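This document starts with one chain, in the form predicted alone, laid out as structure tokens.
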Amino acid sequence: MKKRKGLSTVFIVIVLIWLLVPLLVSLIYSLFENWAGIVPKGFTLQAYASVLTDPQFGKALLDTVLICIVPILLTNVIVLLALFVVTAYFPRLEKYVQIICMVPYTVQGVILSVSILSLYVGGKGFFASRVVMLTGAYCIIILPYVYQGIRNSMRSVNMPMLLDAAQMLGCSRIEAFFKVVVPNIMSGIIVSSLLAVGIIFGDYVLIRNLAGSTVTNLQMYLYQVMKADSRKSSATFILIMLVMFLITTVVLVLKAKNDKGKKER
């Protein structure tokens, strides 16, 4: 048993090193002026100063965060309400809802963006807005991940039993759902939302095709910088990873507090 644990630990360490090597190399490259030999020379923070003082980076970061919030909130609300209706009133329809929510797994970003453009571009209605089209496309892309996380959480807390127990105490079904079920599955909602953030942060195709120059995310900024300055692009990559790390840390802290609160209750 100890031998197996030792092998598992070694394997995990090797995988971590393999995954961290690109990040470490990018960090070293961004901090030195010359890396022609084995040892880099000329330590400098000029690349980071250039990125952080660039107003385009701040705009790209703000746009990325804002374009994350709306689709994730919309998708979470829609999935929660859909699963509530299916579980509480039409349990036989759950398999069809699951099939519909899994369809975006098979849709490529290029196909989705071209389809949306061909359907709505040139119109004068609400859906003709580039930002609205992008928001809708992100809702579709993250739908399977949000649905699966929320669905698994609902099954783990036995949602029908919680609804029945709350109704026996005088709550309506919708009131019981939002006051009893949702707080108990908040960990699943947080984790699936975090996964959705990672997907949106890493997108280039959808935002490039649908938004154009209307909205610029971090991936578009990274692509533009990469064509001009390799050290600055490495610094941008490190900063994007740092932003993702900070978001992940905040989300995990909130999740830990939520789990601790449930244990105390």
Partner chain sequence: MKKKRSIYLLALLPFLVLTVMYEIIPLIGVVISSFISDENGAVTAANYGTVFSKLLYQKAMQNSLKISTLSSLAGILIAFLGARSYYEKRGKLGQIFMTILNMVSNFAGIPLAFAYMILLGNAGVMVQLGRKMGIDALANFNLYSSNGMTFMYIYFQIPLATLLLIPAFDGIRKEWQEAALLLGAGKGTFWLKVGIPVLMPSILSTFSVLFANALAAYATAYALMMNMLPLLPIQIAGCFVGDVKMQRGLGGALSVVMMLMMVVMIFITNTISRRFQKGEAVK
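Residue numbers count along the first chain shown, from 1. Computed from a predicted structure; not experimentally measured.
From this point on, the text means the form predicted in complex with its partner chain, which you will not see here.
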Touches its partner chain in the predicted complex: L45 (any heavy atom, 4.5 Å)
no
Decide whether L143 counts as a contact residue for its partner chain in the predicted complex under a heavy atom distance cut-off of 4.5 Å.
yes
Partner proximity in the predicted complex: C101 to its partner chain, non-hydrogen atom cutoff 4.5 Å
yes
Applying a 4.5 Å heavy atom distance criterion, does M226 contact its partner chain in the predicted complex?
yes
In the predicted complex: members of 92-123 within 4.5 Å of its partner chain, any heavy atom
L93, V97, I100, C101, V103, P104, Y105, T106, V107, Q108, V110, I111, L112, V114, S115, I116, L117, S118, L119, Y120, V121
Please say whether the CA atoms of L252 and I190 come closer or move farther apart in the predicted complex, knowing the change relative to this form is 3 Å or more.
farther
Closer or farther: C-alpha pair V15/I190 in the predicted complex, relative to this form, given a change of 3 Å or more:
farther
